[in-house]
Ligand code: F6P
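To begin, one chain is listed below as C-alpha coordinates, in the form predicted alone.
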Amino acid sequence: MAGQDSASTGADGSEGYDLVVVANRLPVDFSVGDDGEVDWQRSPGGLVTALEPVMREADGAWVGWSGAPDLAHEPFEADGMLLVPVTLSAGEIERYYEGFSNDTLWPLYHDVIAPPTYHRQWFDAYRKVNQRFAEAAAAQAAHGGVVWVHDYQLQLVPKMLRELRPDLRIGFFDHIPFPAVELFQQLPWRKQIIEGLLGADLVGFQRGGDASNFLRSVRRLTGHTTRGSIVTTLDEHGRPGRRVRAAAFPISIDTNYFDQLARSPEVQARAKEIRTDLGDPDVMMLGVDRLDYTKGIRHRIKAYGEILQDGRIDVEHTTLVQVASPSRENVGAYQELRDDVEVLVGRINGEFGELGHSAIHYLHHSYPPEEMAALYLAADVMLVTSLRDGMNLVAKEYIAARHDLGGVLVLSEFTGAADELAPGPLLVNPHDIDGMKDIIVAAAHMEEREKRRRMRNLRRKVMADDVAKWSKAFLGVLTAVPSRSSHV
(Lines give C-alpha, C1' and ligand atoms only; values in the text may rest on other atoms or scores of the structure.)
Protein backbone atom coordinates (compact mmCIF):
# COMPACT_ATOMS: atom_id res chain seq x y z
CA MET A 1 0.00 0.00 0.00
CA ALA A 2 1.37 3.35 -0.94
CA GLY A 3 1.92 5.95 1.73
CA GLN A 4 2.11 9.72 1.54
CA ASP A 5 5.81 9.67 0.52
CA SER A 6 5.41 7.15 -2.30
CA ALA A 7 2.11 7.45 -4.09
CA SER A 8 0.71 4.49 -5.94
CA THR A 9 0.89 4.33 -9.71
CA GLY A 10 -2.18 4.37 -11.93
CA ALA A 11 -2.64 2.17 -14.97
CA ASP A 12 -1.28 4.90 -17.25
CA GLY A 13 1.84 5.41 -15.14
CA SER A 14 0.56 8.52 -13.34
CA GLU A 15 0.71 8.79 -9.59
CA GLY A 16 -2.43 8.57 -7.51
CA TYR A 17 -4.95 6.16 -6.06
CA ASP A 18 -7.24 4.01 -8.17
CA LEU A 19 -10.14 4.35 -5.70
CA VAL A 20 -10.81 7.41 -3.57
CA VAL A 21 -13.68 7.47 -1.07
CA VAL A 22 -14.96 10.89 -0.01
CA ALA A 23 -17.12 11.01 3.12
CA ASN A 24 -17.86 13.62 5.77
CA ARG A 25 -15.90 11.64 8.38
CA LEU A 26 -12.71 9.63 8.23
CA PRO A 27 -13.05 5.96 9.24
CA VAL A 28 -10.88 6.57 12.32
CA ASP A 29 -10.78 8.94 15.28
CA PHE A 30 -7.30 10.38 15.56
CA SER A 31 -5.28 12.80 17.63
CA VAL A 32 -1.85 14.32 17.14
CA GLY A 33 0.67 14.18 19.98
CA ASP A 34 3.18 16.86 20.95
CA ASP A 35 5.78 15.02 18.89
CA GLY A 36 3.56 15.18 15.80
CA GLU A 37 2.81 11.45 15.86
CA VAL A 38 -0.73 10.34 15.00
CA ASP A 39 -2.67 8.19 17.46
CA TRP A 40 -5.73 6.67 15.80
CA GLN A 41 -8.54 4.26 16.60
CA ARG A 42 -10.93 2.77 14.07
CA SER A 43 -14.45 4.17 14.17
CA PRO A 44 -17.31 1.67 14.13
CA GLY A 45 -19.70 1.91 11.21
CA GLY A 46 -21.19 0.05 8.30
CA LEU A 47 -19.53 2.22 5.66
CA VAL A 48 -16.05 1.39 6.97
CA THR A 49 -16.91 -2.30 7.03
CA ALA A 50 -18.28 -2.15 3.49
CA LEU A 51 -15.41 -0.32 1.87
CA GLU A 52 -12.30 -1.45 3.72
CA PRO A 53 -11.77 -4.72 1.80
CA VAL A 54 -12.61 -3.06 -1.53
CA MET A 55 -10.16 -0.24 -0.87
CA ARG A 56 -7.36 -2.57 0.13
CA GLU A 57 -7.84 -4.54 -3.06
CA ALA A 58 -8.10 -1.43 -5.25
CA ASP A 59 -5.30 0.60 -3.62
CA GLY A 60 -7.48 3.27 -2.06
CA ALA A 61 -7.45 6.57 -0.20
CA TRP A 62 -10.17 7.99 2.07
CA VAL A 63 -10.86 11.73 2.26
CA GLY A 64 -12.77 12.99 5.31
CA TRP A 65 -12.98 15.25 8.34
CA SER A 66 -11.38 14.17 11.64
CA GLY A 67 -14.45 15.12 13.70
CA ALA A 68 -12.54 17.76 15.70
CA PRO A 69 -12.21 21.49 14.94
CA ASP A 70 -8.98 22.90 13.52
CA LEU A 71 -7.16 19.55 13.52
CA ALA A 72 -4.78 19.68 10.56
CA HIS A 73 -2.47 16.86 9.50
CA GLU A 74 -0.83 15.48 6.41
CA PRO A 75 -2.24 12.25 4.86
CA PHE A 76 -1.28 9.17 6.89
CA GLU A 77 -1.73 5.41 6.73
CA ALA A 78 -4.07 3.56 9.08
CA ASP A 79 -5.63 0.12 8.77
CA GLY A 80 -4.11 -0.38 5.32
CA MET A 81 -5.63 2.79 3.84
CA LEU A 82 -4.27 6.24 3.11
CA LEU A 83 -6.35 8.70 5.14
CA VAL A 84 -6.53 12.29 3.93
CA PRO A 85 -7.81 14.68 6.63
CA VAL A 86 -9.87 17.71 5.64
CA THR A 87 -9.57 20.49 8.22
CA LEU A 88 -12.71 22.31 9.38
CA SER A 89 -12.76 25.32 11.68
CA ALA A 90 -15.19 25.58 14.60
CA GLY A 91 -17.19 28.13 12.59
CA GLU A 92 -17.39 25.83 9.57
CA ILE A 93 -18.55 22.95 11.75
CA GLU A 94 -21.30 25.19 13.11
CA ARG A 95 -22.45 26.44 9.68
CA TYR A 96 -21.66 23.56 7.27
CA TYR A 97 -22.27 20.55 9.52
CA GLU A 98 -24.60 21.52 12.38
CA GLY A 99 -26.28 24.20 10.28
CA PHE A 100 -26.81 23.42 6.60
CA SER A 101 -26.28 19.64 6.74
CA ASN A 102 -28.24 18.88 9.90
CA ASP A 103 -30.63 21.81 10.39
CA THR A 104 -31.47 22.41 6.72
CA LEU A 105 -30.96 19.28 4.62
CA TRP A 106 -31.63 16.58 7.23
CA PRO A 107 -35.16 17.74 8.20
CA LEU A 108 -36.03 18.65 4.59
CA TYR A 109 -34.96 15.21 3.34
CA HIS A 110 -36.92 13.49 6.13
CA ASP A 111 -40.30 14.83 5.06
CA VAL A 112 -40.07 18.01 7.20
CA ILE A 113 -40.76 16.13 10.43
CA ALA A 114 -38.98 19.12 11.96
CA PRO A 115 -38.97 22.47 10.12
CA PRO A 116 -35.80 23.14 8.09
CA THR A 117 -33.89 26.38 8.61
CA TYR A 118 -32.62 28.27 5.57
CA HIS A 119 -29.62 30.57 6.03
CA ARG A 120 -27.52 31.92 3.16
CA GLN A 121 -24.41 31.94 5.34
CA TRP A 122 -24.88 28.23 6.01
CA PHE A 123 -25.06 27.40 2.32
CA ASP A 124 -22.01 29.52 1.62
CA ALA A 125 -20.06 27.50 4.21
CA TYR A 126 -21.45 24.26 2.73
CA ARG A 127 -20.24 25.27 -0.74
CA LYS A 128 -16.77 26.24 0.49
CA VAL A 129 -16.33 23.03 2.49
CA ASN A 130 -17.54 20.90 -0.44
CA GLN A 131 -14.94 22.61 -2.64
CA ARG A 132 -12.24 21.70 -0.13
CA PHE A 133 -13.31 18.04 -0.16
CA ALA A 134 -13.35 18.04 -3.98
CA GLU A 135 -9.86 19.49 -4.17
CA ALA A 136 -8.53 16.94 -1.68
CA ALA A 137 -10.05 14.08 -3.71
CA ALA A 138 -8.73 15.48 -6.99
CA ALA A 139 -5.23 15.60 -5.54
CA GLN A 140 -5.30 11.90 -4.59
CA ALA A 141 -7.01 10.19 -7.55
CA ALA A 142 -5.02 8.49 -10.29
CA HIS A 143 -5.74 9.43 -13.90
CA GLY A 144 -8.95 7.63 -14.90
CA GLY A 145 -9.51 6.53 -11.31
CA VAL A 146 -12.79 6.05 -9.44
CA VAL A 147 -14.03 8.49 -6.79
CA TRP A 148 -16.99 7.46 -4.63
CA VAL A 149 -18.64 10.37 -2.77
CA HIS A 150 -20.97 9.66 0.13
CA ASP A 151 -24.04 11.32 1.59
CA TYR A 152 -25.95 14.53 1.94
CA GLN A 153 -23.14 16.60 3.46
CA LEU A 154 -21.22 16.48 0.14
CA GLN A 155 -23.79 16.84 -2.65
CA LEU A 156 -21.86 19.59 -4.45
CA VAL A 157 -18.64 17.57 -4.62
CA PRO A 158 -19.40 15.54 -7.80
CA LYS A 159 -19.75 18.61 -10.05
CA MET A 160 -16.81 20.39 -8.42
CA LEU A 161 -14.69 17.28 -8.85
CA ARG A 162 -15.83 16.86 -12.47
CA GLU A 163 -14.64 20.40 -13.22
CA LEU A 164 -11.26 19.72 -11.60
CA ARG A 165 -10.78 16.21 -13.00
CA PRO A 166 -12.93 15.35 -16.05
CA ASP A 167 -10.93 12.12 -16.46
CA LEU A 168 -12.42 10.54 -13.36
CA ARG A 169 -15.31 8.09 -12.99
CA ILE A 170 -17.43 9.58 -10.18
CA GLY A 171 -20.12 7.90 -8.09
CA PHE A 172 -22.36 9.36 -5.38
CA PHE A 173 -24.41 7.44 -2.82
CA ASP A 174 -27.18 9.09 -0.80
CA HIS A 175 -27.57 7.26 2.52
CA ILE A 176 -30.72 9.14 3.55
CA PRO A 177 -34.07 9.62 1.78
CA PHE A 178 -34.39 11.99 -1.16
CA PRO A 179 -37.57 14.06 -0.78
CA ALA A 180 -40.48 14.49 -3.14
CA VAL A 181 -40.04 17.43 -5.50
CA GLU A 182 -42.87 19.34 -3.77
CA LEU A 183 -40.72 19.40 -0.62
CA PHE A 184 -37.31 19.62 -2.28
CA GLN A 185 -38.24 22.75 -4.23
CA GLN A 186 -38.57 24.63 -0.92
CA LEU A 187 -34.78 24.67 -0.82
CA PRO A 188 -33.47 28.02 -2.13
CA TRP A 189 -30.39 26.23 -3.49
CA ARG A 190 -32.29 23.34 -5.05
CA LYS A 191 -30.78 23.74 -8.53
CA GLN A 192 -27.21 23.91 -7.18
CA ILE A 193 -27.78 20.62 -5.34
CA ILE A 194 -29.24 18.89 -8.41
CA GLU A 195 -26.43 20.12 -10.65
CA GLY A 196 -23.90 19.10 -8.01
CA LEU A 197 -25.21 15.53 -7.97
CA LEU A 198 -25.32 15.38 -11.76
CA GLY A 199 -21.56 15.77 -11.78
CA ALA A 200 -21.50 12.04 -10.96
CA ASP A 201 -21.77 9.21 -13.48
CA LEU A 202 -23.91 7.17 -11.09
CA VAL A 203 -26.14 8.50 -8.29
CA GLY A 204 -27.26 5.76 -5.90
CA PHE A 205 -30.16 5.75 -3.45
CA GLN A 206 -31.55 3.39 -0.80
CA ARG A 207 -34.98 2.96 -2.39
CA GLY A 208 -36.43 3.06 -5.85
CA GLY A 209 -38.78 5.82 -4.66
CA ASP A 210 -35.82 8.02 -3.74
CA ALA A 211 -34.30 7.61 -7.20
CA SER A 212 -37.69 8.47 -8.72
CA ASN A 213 -37.93 11.59 -6.54
CA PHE A 214 -34.50 12.69 -7.75
CA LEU A 215 -35.42 12.14 -11.39
CA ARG A 216 -38.66 14.11 -10.97
CA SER A 217 -36.66 16.98 -9.47
CA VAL A 218 -34.30 16.89 -12.46
CA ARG A 219 -37.27 17.14 -14.84
CA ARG A 220 -38.99 19.88 -12.84
CA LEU A 221 -36.00 22.05 -11.96
CA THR A 222 -33.54 21.70 -14.86
CA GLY A 223 -33.49 21.56 -18.65
CA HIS A 224 -31.85 18.13 -18.72
CA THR A 225 -33.77 15.22 -20.22
CA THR A 226 -34.58 11.90 -18.54
CA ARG A 227 -35.46 8.53 -19.96
CA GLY A 228 -36.02 5.74 -17.47
CA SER A 229 -33.15 5.89 -14.98
CA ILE A 230 -30.87 7.90 -17.30
CA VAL A 231 -30.38 11.67 -17.24
CA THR A 232 -28.81 13.16 -20.36
CA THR A 233 -27.25 16.44 -19.36
CA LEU A 234 -27.21 19.41 -21.71
CA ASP A 235 -24.12 21.55 -22.19
CA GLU A 236 -24.09 25.36 -22.25
CA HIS A 237 -25.14 25.24 -25.93
CA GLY A 238 -28.11 22.96 -25.26
CA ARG A 239 -26.46 19.92 -26.82
CA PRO A 240 -26.64 16.45 -25.24
CA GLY A 241 -23.60 15.73 -23.12
CA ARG A 242 -22.89 13.28 -20.31
CA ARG A 243 -25.26 10.53 -19.23
CA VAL A 244 -25.95 10.03 -15.54
CA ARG A 245 -27.69 7.00 -14.12
CA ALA A 246 -29.86 7.22 -10.96
CA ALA A 247 -30.80 3.91 -9.33
CA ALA A 248 -31.46 2.14 -6.04
CA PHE A 249 -28.70 0.19 -4.27
CA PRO A 250 -30.11 -0.81 -0.85
CA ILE A 251 -27.29 -0.89 1.69
CA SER A 252 -26.81 -3.77 4.13
CA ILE A 253 -24.57 -4.80 7.04
CA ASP A 254 -21.74 -7.24 7.72
CA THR A 255 -24.26 -10.02 8.32
CA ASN A 256 -21.71 -12.75 8.97
CA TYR A 257 -20.03 -10.61 11.66
CA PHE A 258 -23.26 -10.16 13.64
CA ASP A 259 -24.25 -13.79 13.11
CA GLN A 260 -20.92 -15.05 14.47
CA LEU A 261 -20.94 -12.50 17.29
CA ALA A 262 -24.35 -13.70 18.47
CA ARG A 263 -23.17 -17.33 18.37
CA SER A 264 -20.20 -16.65 20.67
CA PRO A 265 -20.51 -18.11 24.22
CA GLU A 266 -19.67 -14.70 25.74
CA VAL A 267 -22.50 -12.90 23.95
CA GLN A 268 -24.99 -15.69 24.67
CA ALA A 269 -24.06 -15.59 28.37
CA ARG A 270 -24.42 -11.80 28.37
CA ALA A 271 -27.89 -12.07 26.77
CA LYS A 272 -29.03 -14.34 29.62
CA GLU A 273 -27.48 -11.96 32.14
CA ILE A 274 -29.40 -9.03 30.65
CA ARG A 275 -32.71 -10.83 31.05
CA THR A 276 -31.82 -11.77 34.63
CA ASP A 277 -30.91 -8.16 35.43
CA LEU A 278 -34.30 -7.08 34.06
CA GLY A 279 -36.10 -9.48 36.42
CA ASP A 280 -36.62 -12.28 33.88
CA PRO A 281 -39.62 -10.75 32.10
CA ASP A 282 -41.82 -12.94 29.93
CA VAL A 283 -41.41 -10.42 27.13
CA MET A 284 -38.48 -8.05 26.64
CA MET A 285 -39.04 -5.36 24.03
CA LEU A 286 -36.14 -3.38 22.59
CA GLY A 287 -35.64 -0.10 20.77
CA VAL A 288 -32.18 0.91 19.50
CA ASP A 289 -31.81 4.30 17.85
CA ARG A 290 -29.76 7.42 17.56
CA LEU A 291 -31.62 10.05 19.56
CA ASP A 292 -33.14 11.62 16.47
CA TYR A 293 -36.64 12.95 15.79
CA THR A 294 -36.86 10.81 12.62
CA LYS A 295 -36.74 7.57 14.63
CA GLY A 296 -40.25 7.77 16.10
CA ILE A 297 -39.05 7.26 19.69
CA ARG A 298 -41.74 9.51 21.17
CA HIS A 299 -44.47 7.70 19.19
CA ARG A 300 -43.15 4.30 20.32
CA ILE A 301 -42.98 5.23 23.99
CA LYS A 302 -46.40 6.86 23.88
CA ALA A 303 -47.91 3.69 22.38
CA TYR A 304 -46.16 1.51 24.98
CA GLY A 305 -47.44 3.69 27.83
CA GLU A 306 -51.01 3.47 26.52
CA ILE A 307 -50.76 -0.34 26.26
CA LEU A 308 -49.81 -0.40 29.95
CA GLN A 309 -52.65 1.97 30.76
CA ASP A 310 -55.10 -0.20 28.83
CA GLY A 311 -53.99 -3.25 30.86
CA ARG A 312 -53.04 -5.23 27.75
CA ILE A 313 -49.57 -5.83 29.23
CA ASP A 314 -48.16 -5.25 32.71
CA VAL A 315 -44.73 -4.39 34.11
CA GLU A 316 -44.46 -7.64 36.04
CA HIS A 317 -44.27 -9.65 32.82
CA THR A 318 -43.14 -7.14 30.16
CA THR A 319 -40.46 -4.47 29.95
CA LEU A 320 -39.11 -2.11 27.29
CA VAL A 321 -35.40 -1.35 26.96
CA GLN A 322 -34.78 1.83 24.95
CA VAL A 323 -31.20 2.54 23.87
CA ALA A 324 -30.90 6.13 22.59
CA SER A 325 -27.38 6.94 21.43
CA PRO A 326 -26.37 10.60 21.82
CA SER A 327 -26.61 12.52 18.55
CA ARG A 328 -25.98 16.12 17.36
CA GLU A 329 -26.34 17.52 20.84
CA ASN A 330 -25.52 21.06 19.70
CA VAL A 331 -28.61 21.22 17.46
CA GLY A 332 -31.67 22.66 19.20
CA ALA A 333 -34.21 20.13 17.87
CA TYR A 334 -32.16 17.28 19.33
CA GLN A 335 -31.88 18.93 22.74
CA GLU A 336 -35.65 19.38 22.77
CA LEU A 337 -36.19 15.74 21.76
CA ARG A 338 -33.98 14.46 24.58
CA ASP A 339 -35.92 16.51 27.12
CA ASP A 340 -39.26 15.28 25.75
CA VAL A 341 -38.23 11.61 25.77
CA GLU A 342 -36.79 11.75 29.28
CA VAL A 343 -39.92 13.44 30.64
CA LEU A 344 -42.14 10.85 28.92
CA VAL A 345 -40.09 7.90 30.22
CA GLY A 346 -40.09 9.36 33.73
CA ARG A 347 -43.88 9.83 33.70
CA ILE A 348 -44.56 6.27 32.51
CA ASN A 349 -42.12 4.74 35.00
CA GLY A 350 -43.60 6.84 37.80
CA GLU A 351 -47.14 5.80 36.93
CA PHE A 352 -46.67 2.11 36.13
CA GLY A 353 -43.33 1.02 37.62
CA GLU A 354 -43.11 -1.28 40.63
CA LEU A 355 -40.28 -2.18 43.00
CA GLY A 356 -37.99 -4.44 40.97
CA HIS A 357 -39.96 -3.84 37.76
CA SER A 358 -39.43 -0.73 35.65
CA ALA A 359 -41.80 -0.14 32.77
CA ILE A 360 -39.00 1.33 30.61
CA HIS A 361 -35.23 1.04 30.98
CA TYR A 362 -33.90 4.13 29.21
CA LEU A 363 -30.19 4.13 28.28
CA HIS A 364 -28.71 7.31 26.81
CA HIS A 365 -25.42 5.67 25.78
CA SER A 366 -23.61 4.13 22.85
CA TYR A 367 -22.58 0.49 23.18
CA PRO A 368 -20.00 -1.73 21.45
CA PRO A 369 -21.15 -4.37 18.94
CA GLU A 370 -20.79 -7.19 21.49
CA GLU A 371 -23.28 -5.57 23.85
CA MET A 372 -25.64 -4.76 21.00
CA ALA A 373 -25.58 -8.38 19.82
CA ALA A 374 -26.41 -9.51 23.36
CA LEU A 375 -29.33 -7.07 23.54
CA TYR A 376 -30.63 -8.29 20.18
CA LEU A 377 -30.36 -11.91 21.31
CA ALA A 378 -32.15 -11.12 24.58
CA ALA A 379 -35.06 -9.22 23.00
CA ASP A 380 -38.33 -10.97 22.21
CA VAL A 381 -39.65 -7.98 20.22
CA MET A 382 -37.59 -5.43 18.27
CA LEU A 383 -39.35 -2.10 17.77
CA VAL A 384 -38.20 -0.05 14.74
CA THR A 385 -40.77 2.72 14.42
CA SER A 386 -39.01 5.38 12.34
CA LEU A 387 -41.10 8.19 10.91
CA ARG A 388 -38.69 8.25 7.93
CA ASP A 389 -35.48 6.33 7.37
CA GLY A 390 -33.25 5.78 4.37
CA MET A 391 -32.71 2.14 5.32
CA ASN A 392 -32.42 1.43 9.08
CA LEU A 393 -29.63 -1.07 9.61
CA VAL A 394 -30.67 -1.85 13.20
CA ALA A 395 -33.48 -3.99 11.77
CA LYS A 396 -30.95 -5.99 9.74
CA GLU A 397 -28.55 -6.31 12.69
CA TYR A 398 -31.37 -7.77 14.80
CA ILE A 399 -32.18 -10.34 12.13
CA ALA A 400 -28.51 -11.28 11.63
CA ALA A 401 -28.11 -11.82 15.38
CA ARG A 402 -31.15 -14.14 15.64
CA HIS A 403 -29.57 -17.40 14.54
CA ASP A 404 -31.91 -19.06 17.07
CA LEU A 405 -34.88 -17.99 14.87
CA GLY A 406 -36.43 -16.29 17.89
CA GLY A 407 -37.78 -12.77 18.17
CA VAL A 408 -40.28 -10.63 16.27
CA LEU A 409 -39.43 -7.54 14.24
CA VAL A 410 -41.94 -4.67 14.33
CA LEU A 411 -40.90 -2.39 11.47
CA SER A 412 -42.09 0.99 10.26
CA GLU A 413 -43.34 0.99 6.68
CA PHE A 414 -41.46 4.28 6.22
CA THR A 415 -38.02 2.63 6.34
CA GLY A 416 -36.05 1.46 3.34
CA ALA A 417 -35.76 -1.90 5.09
CA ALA A 418 -39.54 -2.38 4.78
CA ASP A 419 -39.21 -2.52 0.98
CA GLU A 420 -36.73 -5.37 1.22
CA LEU A 421 -37.94 -7.38 4.21
CA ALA A 422 -41.73 -7.55 3.86
CA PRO A 423 -43.66 -9.73 4.56
CA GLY A 424 -41.40 -11.06 7.36
CA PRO A 425 -41.78 -8.14 9.81
CA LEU A 426 -44.98 -6.82 11.33
CA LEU A 427 -45.28 -3.50 9.49
CA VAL A 428 -46.59 -0.43 11.32
CA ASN A 429 -47.53 3.16 10.56
CA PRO A 430 -45.97 4.93 13.59
CA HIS A 431 -48.34 7.89 13.15
CA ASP A 432 -51.25 5.49 13.83
CA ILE A 433 -50.84 5.02 17.58
CA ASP A 434 -53.86 2.71 17.95
CA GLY A 435 -52.71 0.54 15.05
CA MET A 436 -49.18 0.42 16.44
CA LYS A 437 -50.48 -0.62 19.87
CA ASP A 438 -52.35 -3.56 18.33
CA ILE A 439 -49.28 -4.73 16.42
CA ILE A 440 -46.97 -4.44 19.45
CA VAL A 441 -49.38 -6.55 21.49
CA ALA A 442 -49.65 -9.08 18.65
CA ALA A 443 -45.84 -9.30 18.53
CA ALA A 444 -45.69 -9.90 22.30
CA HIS A 445 -48.16 -12.78 22.06
CA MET A 446 -47.05 -14.36 18.77
CA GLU A 447 -46.81 -18.16 18.75
CA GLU A 448 -43.33 -19.67 18.61
CA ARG A 449 -44.01 -21.46 15.34
CA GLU A 450 -45.02 -18.22 13.63
CA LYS A 451 -41.98 -16.42 15.06
CA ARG A 452 -39.65 -19.03 13.64
CA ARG A 453 -41.33 -19.00 10.23
CA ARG A 454 -41.03 -15.23 9.94
CA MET A 455 -37.46 -15.03 11.22
CA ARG A 456 -36.34 -17.85 8.92
CA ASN A 457 -37.64 -15.87 5.93
CA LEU A 458 -36.04 -12.66 7.19
CA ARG A 459 -32.65 -14.30 7.70
CA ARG A 460 -32.78 -15.84 4.24
CA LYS A 461 -33.04 -12.34 2.78
CA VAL A 462 -30.58 -10.54 5.03
CA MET A 463 -27.83 -13.18 5.10
CA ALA A 464 -27.77 -13.33 1.29
CA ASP A 465 -27.34 -9.57 0.79
CA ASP A 466 -24.47 -8.32 2.91
CA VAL A 467 -22.63 -5.01 2.78
CA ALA A 468 -19.78 -6.37 0.65
CA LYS A 469 -22.30 -7.35 -2.03
CA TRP A 470 -23.72 -3.81 -1.89
CA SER A 471 -20.37 -2.09 -2.41
CA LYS A 472 -19.36 -4.47 -5.22
CA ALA A 473 -22.72 -3.97 -6.95
CA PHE A 474 -22.43 -0.17 -6.86
CA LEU A 475 -18.81 -0.08 -8.02
CA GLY A 476 -19.57 -2.66 -10.72
CA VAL A 477 -22.29 -0.47 -12.21
CA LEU A 478 -20.21 2.70 -11.78
CA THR A 479 -17.27 1.32 -13.73
CA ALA A 480 -19.53 -0.14 -16.44
CA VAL A 481 -22.09 2.64 -17.01
CA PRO A 482 -21.46 4.75 -20.13
CA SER A 483 -21.05 8.45 -19.31
CA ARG A 484 -21.08 9.94 -22.82
CA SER A 485 -23.96 10.32 -25.21
CA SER A 486 -23.66 9.21 -28.81
CA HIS A 487 -23.81 12.88 -29.82
CA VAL A 488 -20.40 13.63 -28.28
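These numbers come from a predicted model, not from an experiment. We number the residues from 1 along the sequence you see.
The same protein also exists as the form predicted in complex with the named molecule; that form is not shown, yet it is the one meant from here on.
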property	result
The named molecule contact at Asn24 in the predicted complex, heavy atom, 4.5 Å	yes
4.5 angstroms heavy atom contact with the named molecule in the predicted complex for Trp189	no
Contact of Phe258 with the named molecule in the predicted complex (heavy atom, 4.5 Å)	no
Any non-hydrogen atom of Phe352 within 4.5 angstroms of the named molecule in the predicted complex	no
Candidate stretches 354-362, 312-320, 149-157, 85-93 - the one whose heavy atoms come within 4.5 Å of the named molecule in the predicted complex	149-157
Position in contact with the named molecule when the complex is considered in the predicted complex, options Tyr304, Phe178, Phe172, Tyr97, heavy atoms within 4.5 Å	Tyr97
Candidate from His299, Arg328, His224, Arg245 lying within 4.5 Å of the named molecule in the predicted complex - any heavy atom	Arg328
Triplet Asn102, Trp106 and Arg290 all within 4.5 Å of the named molecule in the predicted complex via a heavy atom	yes
In the predicted complex: members of 340-362 within 4.5 Å of the named molecule, any heavy atom	none
